[in-house]
Structures are given as C-alpha cells and as structure tokens.
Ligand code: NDP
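In structure tokens, one chain follows: the form predicted alone.
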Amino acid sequence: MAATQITTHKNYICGQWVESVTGRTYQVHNPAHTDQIVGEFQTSGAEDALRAVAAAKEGLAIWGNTPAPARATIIYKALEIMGRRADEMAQTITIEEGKPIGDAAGEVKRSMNIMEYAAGEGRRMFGYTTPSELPNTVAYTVRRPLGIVGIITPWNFPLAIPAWKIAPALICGNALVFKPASATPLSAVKLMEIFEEAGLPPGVLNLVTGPGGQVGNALVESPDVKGISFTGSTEVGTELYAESAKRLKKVQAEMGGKNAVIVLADADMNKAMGGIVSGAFGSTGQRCTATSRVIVEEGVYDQFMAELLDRTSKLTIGDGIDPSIDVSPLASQNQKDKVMEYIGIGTEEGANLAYGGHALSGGDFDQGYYVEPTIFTDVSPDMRIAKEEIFGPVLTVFKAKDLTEAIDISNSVEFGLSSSVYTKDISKAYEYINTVETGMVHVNAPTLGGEVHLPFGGLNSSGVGQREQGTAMVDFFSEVITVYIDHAAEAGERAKFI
C-alpha cells in the first residue's frame, strides 16, 4: 500500500479528534497480508490518558444528570447506525484482527445485541422500596453512576468486547476513557464514529490508543477514575486488580481460559464433533471461550479420534476475508511465535502430535501468520500444554475411564471460564453441572460465547470482580444509594439504630 494511501487516525477526546501529546504514531498491518497497512494510530502516553480523564470529568457532569431513558435514545441511535455499517465493521475486524469474515459478522451482531439490551435497561434502572422500622419514614434505594470508568479491551474481539463494556457503562450514566488493544484500534475508531454520529455529548466517551502500560497505568493511578473494566491476560489482569485495590477502585477483570469439553460414551458424536471443531479452530482458537481440551470416555475414544482427524483435515485455511475459509491467520507475529513455542513444548513433554503442528509457508501463506490446526494426544494433566492458555488452534485430547475422572481432569487447571459435556444421560449432565468448576457450563453445546442477557465470566484465574452482561452489568457500573426520608410534621421519638 502506497504511503499516500495510509490514513492516520487520531484520539477522540472531549468530542474532538486530536493527535497524541507524544507526537508519535505506529502502524497496524493486515495479519493475512502483512505488506498491507491497515492504518496509522496515535502512540499515546500517560498525559494523553489524563487529558481524556479531564474531558470525562466534564462529560460526567452532563451525562450523569441525563435521565436514563434519554441516554437509551442515544444508544438506540448508535445501534441503528451500526446496523447500517455492519458490513463495513465486519470487514474492518477481519483486516485488522484476521478472523474469518463470518466470525467477524457474528461479532458485529453480538455488539448490536448488547447495545440493544443495554439501551433497554434505561427504563429498568430499578431500585426498591421497603418498609422502615421507623414511623413516618420512607426507605428506598436508587442507582447512581459509578463515575469515570477506564475501559481496557483485548485484540481478539475488537468490537464486541468494547461494546459490551461501553454500552452498559453509558446507560448507567458513566463517562469513559477507552483504551483498545494496540493491535486492533481501527474497530475502536469506527465505534467512536458511531457514537459521535448518534449524538453522544463531548467528553462522555473518550478514545486513547497506544501502549497499555503507560495509558493503563495512568488510568489505574488517577484518583478521578472510580472503576476499571478489563479483559485480557491473567497476568496483566491480576496486577491491574491488585494496583486498583490499593486505591479502592471498583474493578472487573475477565481473563484467561483453558476450556474443556467432556464427551461421554452415550454422546451424539456428530453433534459433539461439530461443537469441538468449531470451538477449537474457529477464529483460529483466539477466543477466551475456545475449546482447548477434550476429555473422551475411553469406550468411544478410538471412534472419536478417527472422526476428529477426518473433520480437521477438511478445514480450509487462508485469508479470512474469503467466506469459504474456516481457519484464518493468527493475529500477529507474537501470537504465531507463542503458538509455535507451545507446539514445541508439547512434543518435548512427550505428547503425541497427532495432526498439524507446522507454520504454513509458500504462496499466500508467506504473507501472513498461518499455523495449521494442531491436535495432541497422549496428554497428561501435568503437562504445560494441558494447563496453560495457548490462545491458538491447538487442541489437547485426554482419555478418561468415566465421568468422575473426566471432571477431575477438567478441574485440574487454574482457570475456570467455560466448559461443556456431551451426553444423553440427564443424571450425568446434572452431576457435571454441579461439580465442574467453571463460571459458564454447557450441555450438548460448544464452550463458545454466551447470550447478552446472561452473566459472562469465570472462576479462579479466569475472572475477578462482578460479571459482565445480563443484570450484572448494571450492578458493576452503578452504585446503590440507600435513602431514608422522615416526613413527620414534628420531631418525635425515633427508634435507636443498632
């Protein structure tokens, strides 16, 4: 792409598109064709973040006092605009993140779903009334915005994850500083354009692109920022949570996963296979809810493996912009290097490389970050490839003698995000639901995703703080205020509070 065609995108602060204080920019390249430049973006620093916080302070004064149904009107308008730009948004996701265009279109739809749901909460910002133990007293609760909130999002869902944080935060009346992943800022820029066109007041939503260390640390350290909503690695999320706790900030952190599917002997094998292959290799395995482990009851293990290898061999690999492609490139050179390192670790640990395991080269593959779908068997729970999040198209397969052993293997990792069991036995399904240690549990369905009106999040190292989406989203992005009103005409005896 010629230099004259490169668009330089700016930060969005207080309703204006502005250059960073640092004066530096960086380029983002298409993961499928690394010679193609997606755009040039601001390399912001702490001063840019603090400028955005100051703008959010001004925006909060307006937005926090705007009635929630009126806030909803603007979110509904943004939803309508995103619907008109849906194809453009999907293509943007694919060219900057790399995922297949069908997955990208699904991400846009998910973003619209959460915006619709969040806008609806504008007329359901409920408190409650309760009888008081005191005479002539009314007691009730109301919700108040949390204040200024930092939104920090990852590269693998560059539109959906920002949307499912931003829309709930806005409907609750907060003002925001949004720091997207450095690798995927174009979707964030376009999301700002949508809210700008929808009429969001200046300062309410501010965008700062650049390195997470400087911008993120500034948000954590600022006394004006009252909350942080983070999605990313467990390592970064744990440190962010600890530093925020020192400053008494409200934090939600959605982190890693090592999600397992259990296939019992009575499972519908065709149904299980479809869910496992899409869960493991769809979006090139770059989802926190991706299937990275399969635990198969030994009576059907051989049949399962034969069908798994056959299904995997039929997957097509290439540029995700082609709708016929099943597996697209990894998002970056760093991701490719990490996945290839783990494949090497697996072979060194003694696991059997049953399929794939190679970086692809030649022809169009030379232009992108391509790795074959990879399957390991003869894996033990203490191996690193069995315990650590790889975040790529790598699937580890275990054999178990029964459901009890399978659940033990499933629970043997530090993560606890999503899990699944395939069985026709309702008793075993409920045994699994009641004993598996994950925040989201699926029966006869993939480990992927979730619905916007239900809480999203995990246990243990997969998440900390209040859940995202569903009614939980209002609980995080607002504070509950308890109100007592003594309406007696004259002073009287009051009961003593204990």
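The model shown is predicted, which means the values in this text are computed figures rather than measured ones. Throughout, we count residues from 1 along the sequence that is shown.
Beyond the structure shown, there is the form predicted together with the named molecule, which is absent from this document and is the topic of what follows.
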So in the predicted bound form, does any heavy atom of Phe398 sit within 4.5 Å of the named molecule?
-> no
Any of the heavy atoms of Gly356 lying within 4.5 Å of the named molecule in the predicted bound form?
-> no
Hey, in the predicted bound form, does Gly346 get a heavy atom within 4.5 angstroms of the named molecule?
-> no
Contact flag, Gly173 vs the named molecule in the predicted bound form, heavy atom cut 4.5 Å = no
Which residue, Ala331, Ile152, Val296, Leu205, has a heavy atom that falls within 4.5 Å of the named molecule in the predicted bound form?
-> Ile152
In the predicted bound form, which of the listed residues (Gly216, Pro185, Gly227, Gly392) lies with a heavy atom within 4.5 Å of the named molecule?
-> Gly216
Heavy atom of each of Pro67, Ile114 and Ser478 within 4.5 Å of the named molecule in the predicted bound form = no
Residue stretch of 298 to 306, 189 to 197, 231 to 239, 419 to 427 approaching the named molecule in the predicted bound form, non-hydrogen atom distance within 4.5 Å = 231 to 239
